[in-house]
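Here's a solo chain for you in structure tokens, the form predicted alone.
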């Protein structure tokens, strides 16, 4: 039978019906984005004290601009709102400064994505709209260009270096020294100010005492959320993301009590929001317009705290680092062993690269990726030492479930390949 535009053939009626039935199912979400880790909310429940502290630390930018270069360290466990706090502060502070007639810019640099000193400085320049000449510049030249640009435009800037502990571990003390002690060499009009975000100050303990002292002088520590605080956060975000009547307080309280720090949970808002998202998706997939406690129970079973933490850490990792991690996961599942040798992982990595159509990296680069994953705490790697023939690097993962992690890695890798990242 022929088919023209707007006319469905008999052959396609079944597929048409499948799609039509799916589209007619009740919808729970009005904005899934509002539950995503990247979303920056309009409000930050239970972080008023920390916002006030940041406003106090950077008040000089609207009273005596250029008098000091402020450095503030924000610390806290995963899911305590470090990134959201900095971004909300940067968004609102720059608007208020503009109303008072001061030009203050904000830049937020992800140090997991930008691992070298040069890449960090280049990203700062890009976000501050600094024109970069076509010829290659050194890190120092690029930094001077940023400082001159701010001088010429009479602007000030608050720069947040997120996941700063990762940058410090990968790039080393000299790179940290360069950033942290920008204005030490000479007395200058100080236009750059910094917020550093790290999970734990202990991870910066390898720095020299003076540099470490600079970082710890102004500290904003975020404590894990209690069950009541999480309930308030869930209530606010559910109102932004879900239709009225699709959830109730009992559902939100069940999640908050499970994750609340005072109830033995991790106090992790990201995990609580992920549970709500998964529960809502489950109810919607089954054609229901309301989330039940049973949906939440299933969501809790399918969302591992450890996997969620790792997924946050690797979201911006380069694709070959992800391919190596996937190789480790696959091999651990296939062999059932607790540890793997470096050579085994490299063989599996070559096979995984072939499957995804990627050209494998050489041994030296593979080893460097493994060490990066180890330094970031995503895997554990150690020397085989005595008792084994020949020295080798032994690799393991101290968390799971591995099947969930394998699915997540596969989806992330396919997405990066599709986007050409």
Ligand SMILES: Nc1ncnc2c1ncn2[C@@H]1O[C@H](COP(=O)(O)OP(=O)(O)OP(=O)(O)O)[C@@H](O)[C@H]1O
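Positions refer to the first chain, counted from 1. The model shown is predicted, which means the values in this text are computed figures rather than measured ones.
There is another form of this protein, the form predicted together with the named molecule, and it is not shown here; the text below is about that form.
Student: Would you say the site is open or blocked once the named molecule, modelled from its placement in the predicted bound form, is overlaid by superposing the surrounding C-alphas? Use blocked for 3 or more ligand atoms within 2.4 Å of a backbone or C-beta atom.
Tutor: Open.
Student: With the named molecule left out of view, which of 269, 279, 328, 158 would have a heavy atom within 4.5 Å of it in the predicted bound form?
Tutor: By the 4.5 Å criterion, the partner-contacting residue is 269.
Student: Of 56, 383, 43, 63, which residue is found within 4.5 angstroms of the named molecule in the predicted bound form when only non-hydrogen atoms are counted?
Tutor: Of the candidates 56, 383, 43, 63, 43 is the one lying within 4.5 Å of the named molecule in the predicted bound form.
Student: Answer with yes or no whether residue 36 is in contact with the named molecule in the predicted bound form, where contact means some heavy atom within 4.5 Å.
Tutor: Because a heavy atom of residue 36 falls inside 4.5 Å of the named molecule in the predicted bound form, the answer is yes.
Student: Taking the named molecule as it sits in the predicted bound form, is residue 260 in contact with it (heavy atom to heavy atom, 4.5 Å or less)?
Tutor: No.
Student: Is there any non-hydrogen atom of residue 83 lying within 4.5 Å of the named molecule in the predicted bound form?
Tutor: Answer yes; at least one heavy atom of residue 83 falls within 4.5 Å of the named molecule in the predicted bound form.
Student: Might residue 121 be said to contact the named molecule in the predicted bound form, defining contact as any heavy atom within 4.5 Å?
Tutor: It does not: once the named molecule is placed as it appears in the predicted bound form, residue 121 has no heavy atom within 4.5 Å of it.
Student: At 4.5 Å between heavy atoms, only one of the stretches 294 to 302, 230 to 238, 248 to 256, 333 to 341 reaches the named molecule in the predicted bound form; which one is it?
Tutor: Selected range: 230 to 238.
Student: Are there residues in 404 to 418 with a heavy atom within 4.5 Å of the named molecule in the predicted bound form, and which are they, in order?
Tutor: Nothing in the stretch sits within 4.5 Å of the partner.
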